[in-house]
Structure formats: structure tokens, C-alpha cells
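Below, in C-alpha cells: the form predicted alone, a single chain.
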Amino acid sequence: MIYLDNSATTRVREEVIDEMLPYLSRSWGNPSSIHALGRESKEAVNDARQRVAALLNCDVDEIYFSSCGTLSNNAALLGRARFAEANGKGRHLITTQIEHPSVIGPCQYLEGLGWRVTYLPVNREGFVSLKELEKNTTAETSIISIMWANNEIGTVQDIASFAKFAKERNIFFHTDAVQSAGKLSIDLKVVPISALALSGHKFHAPKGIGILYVRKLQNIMPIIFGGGQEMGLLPGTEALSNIVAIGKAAELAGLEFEQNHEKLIVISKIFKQHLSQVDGLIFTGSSLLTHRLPGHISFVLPGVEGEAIVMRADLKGICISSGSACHQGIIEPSQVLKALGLSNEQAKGSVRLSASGYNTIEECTEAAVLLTNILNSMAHTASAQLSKNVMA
């Protein structure tokens, strides 16, 4: 099996499993307990927090543990909205048309509460324009949320410029960076982001653990109640072993960043070189590999459904995805692809390949060759069927 669906989820690293096992068997105390077992657990949580802070280059007390990226996004947006309402700030939020559902959802909820939400358009490659952001910003704008890198099309936004724009106007700036950890450099001492969300299972930690970063003096209010953990912002007994796991995963992501980044760029080039040989194939997202997630390639093949491509690839032992894993079960084409200007028919043929540091150059080359053959065969069949229908 060649696994190329790492934007959906990643395998848990052996080193991460080894790190978390003692906290499932021997050191299983509640971090809030004051006895020896509890203190040991608390130290493990603190150590993990330091490791995550090191990856992001931020202060330790700016890191909060959550259950997932979705909760982190909700806590940041709805928590800041509560703060804005309580302090008489404007009720206008700006986001984009290509955000993950865990951002779109809270925005739609706020609209139901009377907030005005602007969904910025993107160009054909999925980029948000700074001029468009400036044009839509008003005195009432109190929150801006723009994702760092898109899970479906891989486009990486100029987050530094957007964050600087917001800071200059004293606007809370949030980014969904779930796809970015371990693949893009994140330096929060340099980029003035107010809040950021990560998810452990996107960079080789288990499912069920996320990160919420909140910059000092950038207040948000809790949206969950009933405990004092995580400074009251994300209450609930800490998922000790998972917290230990994401700490180790963050440490390894930082140590291996350069070598993984370089390898993933090579893999992107291999994918693009081979897939360019497919008749009619249209790449989606940024055309420049330097402006998209490394190891990530997405495309549409008009006349062919993405799910059919995924199934054919699966028969050859290749795991890829159609659109976003979060959209499975939804028949309608993805909002992200429609925002790029693709027709419904084109969007149905969407496919994504996403590699990780675990993938080798050799297996990715093999997968690219196999997929090129599969796609050319399917494109030929679709074209023949279209000609037959026209003649009929």
C-alpha cells in the first residue's frame, strides 16, 4: 500500500507511541491531583506544552490543549466574538470562501446571532487578495480569520501580510493552520497572529488532540464551562497520553523540518511531472510549488468522477482522496472548488494527493506512474462515451 492521503490524517509515529505508552500504563495520574502521581502527570503536560511552544516559537503560556482542530477554531472565533460583544467591539467578521467547515460553521452561527460576516472571494488558484481584505474592512471589523494552507487545493496564503494588516488596525487575527504544522515554517515571534489552531493527527500524533494558540493580551472568553483546566479556556480533564504524544510529535516535526520539507518538494515535482501527461487534466491550487503545501498536488479530470479515480487507485494499492475527507458523504461539489470558478461537473472530478515524511521518493514515483496510466485510461473512456452520446 502506498498511502498518499496525509492531508486527511497521518500515521502515528513509533517514537510518539513509545513516548505516550507509559502514560497509559504506569504514569496515569490526573494532572490536577497534588499527590506524586498527579505531579508527575502535570510535569509531563508542562513538558509537552514547552515542546509545542518551541515548534511555533511562542511563549509556553500561549499554548492551550484541546481535543481537535475543530474545537480550537470554534474556541478562537466564538470565544473572541463573546469578548467583542462583552466589550462593545464591532460585530463584523471577515473570512474566506475556502475555509474549512470548522471555521465556516462558527461564522454561520454568528450570522444567526446578528453578526455580519464577509466571505472573501479567491482567484483561480485559491489566493486571497490583500486589497480585497482592505476593501471589506470597516470600523466594525473586529475579527479576521484566514486559513494558512488549504486542505483541498494546497494553496498557502500570505499570512504574514494579512496578520500585519490586522495588527495595524487592532483587529483580532485568527488562522486555521491545521495543514501547516511540520510542513511550513511557523514563527509566531515574527508573524503577529492573534490565535492559531492545530490538530495533532495531521503531523503524526493520535486523533483526539489539538492545539489552540492565543497571543498574550489577545483575550477570548470560554465557550465551554465547568472546570479550571487550561486556565479555564478549554476545561475538562487533560487527555494526558495524547498531550504527551503531541508534544513529542511537535519536537520531531521541528527537528526534521528541513529534510522533510526538501523531500516533499521533490515529491511534488514528481507528481506534477507525471500527471501533466494526462490529457485534459487541470491542476487546482497554486501553480507554483513554492506557494502550496509541499507534497500536496490536487487536480480535476473533467468527465471523470473523483470517487471513481479513488476507487481505481485503491485497487492498485494507492490511497488518495477526492476533495476533502471532511466532505465525504456530501454529494454536492466542494465549496472550495466552486470558489475557484470550477463548474459542478469539473468539481466532481477533484482528486488530492498528499505525502508525508514517511513516503519515499521511489514509492511516490511508482504511484505517479500508476496514476498517470489510470487517469489516461479513464479520460480516454470518458471521451469515447461523450463522442458516442453526441453521435446518438
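Quick caveat, the model's predicted, so the values are computed rather than measured. So that there is no doubt, residue numbering starts at 1 and follows the sequence shown.
Unshown form predicted in complex with a small molecule; subsequent notes refer to it.
Remark: of stretches 294-302, 194-202, 154-162, 233-241, the one touching the small molecule in the model of the complex is 194-202 (heavy atom within 4.5 Å).
The small molecule is not shown here, but in the model of the complex it comes within 4.5 Å of a heavy atom of residue 179.
When the small molecule is considered in the model of the complex, residue 68 lines it closely, a heavy atom lying within 4.5 Å.
Contact check for residue 141: no non-hydrogen atom falls within 4.5 Å of the small molecule in the model of the complex. The shortest heavy atom separation between residue 260 and the small molecule in the model of the complex exceeds 4.5 Å.
Listed residues 286, 102, 96, 268 were compared with the small molecule in the model of the complex; 102 is the one with a heavy atom within 4.5 Å. Note on contacts: among 214, 249, 147, 75, the single residue with a heavy atom within 4.5 Å of the small molecule in the model of the complex is 147.
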